[in-house]
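This document opens with one chain alone, in structure tokens, the form predicted alone.
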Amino acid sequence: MMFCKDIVKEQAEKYDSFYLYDESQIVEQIQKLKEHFPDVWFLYSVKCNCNSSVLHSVFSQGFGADVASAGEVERVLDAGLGKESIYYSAPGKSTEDIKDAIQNSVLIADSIDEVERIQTIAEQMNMVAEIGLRINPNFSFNGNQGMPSKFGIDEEQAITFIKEQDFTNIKITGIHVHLRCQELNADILATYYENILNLSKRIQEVNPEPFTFINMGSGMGIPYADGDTPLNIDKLGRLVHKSLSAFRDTFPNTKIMIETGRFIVAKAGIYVTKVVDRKVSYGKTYIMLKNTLNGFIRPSLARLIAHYSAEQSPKGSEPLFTSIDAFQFIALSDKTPLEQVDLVGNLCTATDVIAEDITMPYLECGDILIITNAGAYAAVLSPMQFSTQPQPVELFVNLKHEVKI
């Protein structure tokens, strides 16, 4: 088990439900990326886990930040990053969002209308804003034809716009592309990144300013289910290095960035809950747990999708759903006999179910259950206000094995 059972049991004496993040696991994953991608600068996707201790740990390792709101800009500033390390990319930024963030981050415009609003605000503030454009390319993640999207500016629209624009308070100094995440095939990822480099060349040809950065987005996945084959990070690193070496022959001064979130924090987190009741109904045994759907929603969503999908392995829809078997349930109990049970939560809704017909040790009130893969898109997604339950806390185990709240 990733975490020391003694730490889990000690914290379970204080809390009925909690997240536990392990800094050593975070640092280990970061070192893998640094080792295999020495010519790439990584941005941490703050939206996947914005816990302050996690942020300080990640940024202390030299990562920049990919942020998706003006609020996240403030969080990252509080964590010690400067403007040059904060890239704000999200659709639908309001005028107030832009005003709040324009001097504290690198804005990535998501639409032509947004570019025009940034120009107006920059003019009012008597400044020249260096911005990026999020591009919706004419290719898909798998290399097929491009598709309509709520994200970014279509490639041909962007090229036409750049040719015609004559703004005095804006300089376009980079692009951002992000089409998909949670990919485990190194060849697909490497081809996708190479396609982005070729896209940047096409746009650079018409842009008056040399690009200072290219954000290739995310994509690197982790094995959630026991049967998943982990991403071959060594192979991907070699393929990306080859593409970048050729690219830098022409563009030696352009910073190449990749976003990552779950790759470094998902497996560094577990969710811990306790049994609050057990009952048998028409021969079925229910183990009732504290704060499941409202504490860590993704396992409940997986069961819901399994019920309503006709497919045995429904396609993922990140970040809400990866697969129906994306989490493991570990009981800190060796009581016998083993039994087949449903694991359910204490909310007044029938959808508060995290596992069905699962074999577990005999569980009774007070016993501890651990859910894995809880470091990314977990606490940040869960509807903790629902039913006005006591909220689970987030705990952080630092490199000295000290537990901080």
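These numbers come from a predicted model, not from an experiment. One-based numbering along the sequence shown.
The same protein has a further form, the form predicted together with a small molecule, not shown here; the description that follows concerns it.
J.: Only one of Gly132, Gly261, Gly237, Gly152 comes within 4.5 Å of the small molecule in the model of the complex by heavy atoms, so just point that one out.
T.: Residue within 4.5 Å of the partner: Gly261.
J.: Answer with one of Thr254, Ser218, Asn207, Asn294: the residue that has a non-hydrogen atom within 4.5 Å of the small molecule in the model of the complex.
T.: Flagged contact: Ser218.
J.: Of these, 197 to 205, 95 to 103, 228 to 236, 178 to 186, which stretch puts a heavy atom within 4.5 angstroms of the small molecule in the model of the complex?
T.: Heavy atoms within 4.5 Å of the small molecule in the model of the complex occur in 178 to 186.
J.: Residue-level question: is Asn373 within 4.5 Å of the small molecule in the model of the complex, judged on heavy atoms?
T.: So Asn373 does not count as contacting the small molecule.
J.: Tell me, yes or no, whether His56 is in contact with the small molecule in the model of the complex, where a contact means a heavy atom of each within 4.5 Å.
T.: It does not: once the small molecule is placed as it appears in the model of the complex, His56 has no heavy atom within 4.5 Å of it.
J.: With the partner left out here, check for me: in the model of the complex, does some heavy atom of Lys34 sit within 4.5 Å of the small molecule?
T.: Flag for Lys34 set to no.
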